[in-house]
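Single chain ahead, by itself, as structure tokens, in the form predicted alone.
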Amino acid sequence: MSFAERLNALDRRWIFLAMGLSVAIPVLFGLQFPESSSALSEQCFQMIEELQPGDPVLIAMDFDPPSKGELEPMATAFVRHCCEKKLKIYFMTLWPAGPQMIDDAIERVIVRDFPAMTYGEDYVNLGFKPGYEGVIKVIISNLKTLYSTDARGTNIDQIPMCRNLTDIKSMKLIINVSAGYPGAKEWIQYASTPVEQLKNRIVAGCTGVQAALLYPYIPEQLPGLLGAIKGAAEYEALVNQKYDADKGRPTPAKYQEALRRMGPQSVAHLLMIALIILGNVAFFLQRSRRGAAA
């Protein structure tokens, strides 16, 4: 039996086993690869890096638990970067399950690693409001029409960092982590594009399937974008280099989650590419033999 015939007769269970091992081994051994950043992830990093301490930023976490695998690492990295820059963070979400994502990020990053930050003075959770893009259309002109209290039920006028906040035009940057509708597309169409004060003041992170829908907005309407776990890993590498490696301190595991998840994904992709090449080689070898025999 020739090489090509053996490949064509290969029991597909061997392929399933190889794929399982290609994922399991990097997970078991914590295999990571160095990430080289793309222009879009660098732009996300630079736009936050250029802000000054005390600048207000809006972080909209428009995703839910089914998308945590792709989006939680980038949400963690965004929040950490804003904390390192000492920015004033306003959290909100347009998704009913989004408040839990906000609470998780606050607990994971701010409460544990930035205990000096004070709720109401350095960060605030405005919570969830129903209404999809209608919420965005309202808060660009009058935030307190919808948000009379924060997520804890505290009167918004009693929260120091919200007393003089009338709308979101004063935000220096909108950071959106999006799993679909409503999400990055709506923030671009109804906030950063029509409102002069918010033009080019938005970066986003999204799932892999959503990224292609956002490419038409790059770069005029969306300067920076993190696409799925790959984009998150690139951004993580930039933040970790600036705030850990350059200062000679180790990076906690929770800030390397996207880099860790890229290990098995990269090996699995390499295996798929190898299998595709082998399949094509077998096909053309067999066709060549049939042609020679004829």
Partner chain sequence: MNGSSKFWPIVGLLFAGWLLYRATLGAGTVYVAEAPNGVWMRAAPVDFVAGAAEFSPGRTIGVWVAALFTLCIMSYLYRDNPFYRFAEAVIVGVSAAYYMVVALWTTLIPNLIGKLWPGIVQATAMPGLSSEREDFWWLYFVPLVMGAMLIWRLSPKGAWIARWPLAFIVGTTAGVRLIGYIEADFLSQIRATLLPLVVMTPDASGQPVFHLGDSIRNALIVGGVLSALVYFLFSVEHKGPIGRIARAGTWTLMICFGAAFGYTVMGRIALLAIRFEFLFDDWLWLIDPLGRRTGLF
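Positions refer to the first chain, counted from 1. It should be emphasised that the depicted structure is a prediction, and the values quoted were computed from it without experimental measurement.
One more form of this protein should be noted, the form predicted together with the partner chain, which is absent from this view; the next part is about it.
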(Q) Residue-level question: is residue 118 within 4.5 Å of the partner chain in the predicted bound form, judged on heavy atoms? (A) no
Q) Hey, in the predicted bound form, does residue 181 get a heavy atom within 4.5 angstroms of the partner chain? A) yes
Q. So in the predicted bound form, does residue 24 come within 4.5 Å of the partner chain, heavy atom to heavy atom?
A. yes
Q: Indicate whether the partner chain has at least one heavy atom within 4.5 Å of a heavy atom of residue 129 in the predicted bound form.
A: yes
Q) Are 37, 88 and 248 jointly within 4.5 Å of the partner chain in the predicted bound form, each by at least one heavy atom? A) no
**Q.** The single option of 173, 211, 102, 159 touching the partner chain in the predicted bound form, heavy atom within 4.5 Å
**A.** 211
Q) For 141 to 157: residues with a non-hydrogen atom within 4.5 angstroms of the partner chain in the predicted bound form? A) 145, 146, 148, 149, 153, 154, 155
